[in-house]
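Next up: a single chain in structure tokens, the form predicted on its own.
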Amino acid sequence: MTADLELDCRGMLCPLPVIELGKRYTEVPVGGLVAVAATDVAARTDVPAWCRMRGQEYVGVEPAADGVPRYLVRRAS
């Protein structure tokens, strides 16, 4: 899936991937898609939880080209 913004959070430990997401998701327009590539296993639960708390849409996860999980978030507001 093509994202409007790709965040490379490989090597960052919890909570840094969601902190980066929180700082940067407003760079895309409402309806835009942000991808967070993260190696930290905590991102699997942290990104969906962040979406619920912030009122954003968690789209799902897919592998990046190198196999790293890529968490997809649609900006809702």
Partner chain sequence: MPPSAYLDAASSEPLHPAARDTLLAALDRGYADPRRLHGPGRDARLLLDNARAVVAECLGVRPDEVSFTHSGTEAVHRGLLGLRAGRPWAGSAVAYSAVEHSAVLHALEWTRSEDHVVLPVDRLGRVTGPVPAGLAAVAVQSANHEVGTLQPLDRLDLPDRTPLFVDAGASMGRLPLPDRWDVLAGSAHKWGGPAGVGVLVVRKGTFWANAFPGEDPLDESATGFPNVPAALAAAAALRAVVAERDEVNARQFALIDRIRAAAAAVPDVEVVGDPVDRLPHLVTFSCLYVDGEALVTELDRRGYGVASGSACTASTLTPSRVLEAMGVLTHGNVRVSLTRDTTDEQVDGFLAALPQVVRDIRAEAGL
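Note that this is a predicted model, so its numbers are computed, not measured. Residue numbers count along the first chain shown, from 1.
Only in words, not in the display: the form predicted in complex with its partner chain, which the text now covers.
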Give a yes/no on whether Val18 approaches its partner chain to within 4.5 Å in the model of the complex, heavy atoms considered.
yes
Could you tell me if Lys23 has a non-hydrogen atom within 4.5 Å of its partner chain in the model of the complex?
yes
Would Val30 show up as a contact with its partner chain in the model of the complex if we use heavy atoms at 4.5 Å?
no
Within a 4.5 Å heavy atom cut-off, is Cys14 in contact with its partner chain in the model of the complex?
yes
Just to make sure I understand: among 17-54, which residues lie within 4.5 Å of its partner chain in the model of the complex, judging by heavy atoms?
Val18, Ile19, Gly22, Lys23, Val41, Ala42, Arg44, Thr45, Asp46, Ala49, Trp50, Arg52, Met53, Arg54
